[in-house]
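Presented below, as structure tokens, is a lone chain in the form predicted alone.
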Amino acid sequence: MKKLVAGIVGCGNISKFHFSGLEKADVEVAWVCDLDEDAARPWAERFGSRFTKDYREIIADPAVDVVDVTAISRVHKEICLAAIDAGKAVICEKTLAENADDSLEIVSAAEAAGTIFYTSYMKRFIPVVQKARELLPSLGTLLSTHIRAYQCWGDIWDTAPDEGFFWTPPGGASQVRGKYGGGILVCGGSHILDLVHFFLGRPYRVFAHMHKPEGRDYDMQAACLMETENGIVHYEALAHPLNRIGYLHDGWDERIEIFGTKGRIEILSAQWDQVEHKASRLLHYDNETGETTEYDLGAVSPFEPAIAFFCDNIRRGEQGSQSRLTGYEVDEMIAHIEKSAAEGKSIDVRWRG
């Protein structure tokens, strides 16, 4: 089978996980692209890749099979649509776009062209998440899910930042919004919304609350009740100042509890960028036996199995089990949570794709 050839667009912090994943998937990284040559050059040297500041050079190369987009979200639409139009397979970092309309346009173009397209929500590839999905039928009828991302962002509740990453300058934008497109709902909550879909399917009704302090352009809390065909979901994304909470006492407190008529699963998730030395944990309670089984499947970067899955399917010319719509689904839920919170009422989710 032909060796895949890839180009990476964006050489910021997240890209190192993609470079590692592509390397372990035996993909040739032929191009690296970034406006900051200093950020890209080390990767170009490591992989013997060509460097460019213009992603269109990558897309124009007939040897390139897959474009891996790890740039900031506000440029995803332009790059993804150009790659799709050129017939390239695409792997794109989350969030897919800055709004649901743009996300829908991207995935609709990929569907129409028959292009293989993935949004890299890699937390569904955490080993204990995969195991939990396998165990899900053993829970019987699903009743209730509690799912949350509590991330330590420092003391930004009681003290308004006047510099740095979380400072919103008068008339300007904070770095967190400029780089990631929003606050905790986008930065941390988007992955958790993807896991709602992964385990339970699309919600059909939401009732949300969000907290955005006066004078800031980002939210620090997003809480929501969601109705799904597999029970009610209690969802929350929270930026907090408590630096020693969580099951590893490192300020990271991300967990999932799914209750059914025959049992329960509980996932305690390690911090996403420290997974090579911190392992997530799964507890499975079986009501028939009365026993709880604990799974510790080791510290593994979920980027590696995610990119291996994407690339294996691209080699075969198949979309595989992950839909092109994954990124759109999350962005549509973000839009509905924001709308429900702004209106202060429950709303039906209007799925368009």
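In this text, residue numbers run from 1 along the sequence as written. Given the structure is predicted, the values throughout are model-derived calculations rather than measurements.
FYI, the form predicted in complex with a small molecule isn't displayed, but the following is about it.
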All of G12, D34 and M122 with a heavy atom within 4.5 Å of the small molecule in the predicted bound form: yes
Residue among M210, L225, I156, V75 with a heavy atom within 4.5 Å of the small molecule in the predicted bound form: V75
Sole residue of Y218, Y235, Y118, W272 within 4.5 Å of the small molecule in the predicted bound form, by heavy atom: W272
Option from 67-75, 226-234, 127-135, 199-207 whose residues, in the predicted bound form, bring a heavy atom within 4.5 Å of the small molecule: 67-75
Contact of W167 with the small molecule in the predicted bound form (heavy atom, 4.5 Å): no
Proximity of T95 to the small molecule in the predicted bound form, heavy atoms at 4.5 Å: yes
F303: touches the small molecule in the predicted bound form, heavy atom cutoff 4.5 angstroms: yes
Contact test in the predicted bound form: Y180 vs the small molecule, heavy atoms, 4.5 Å: yes
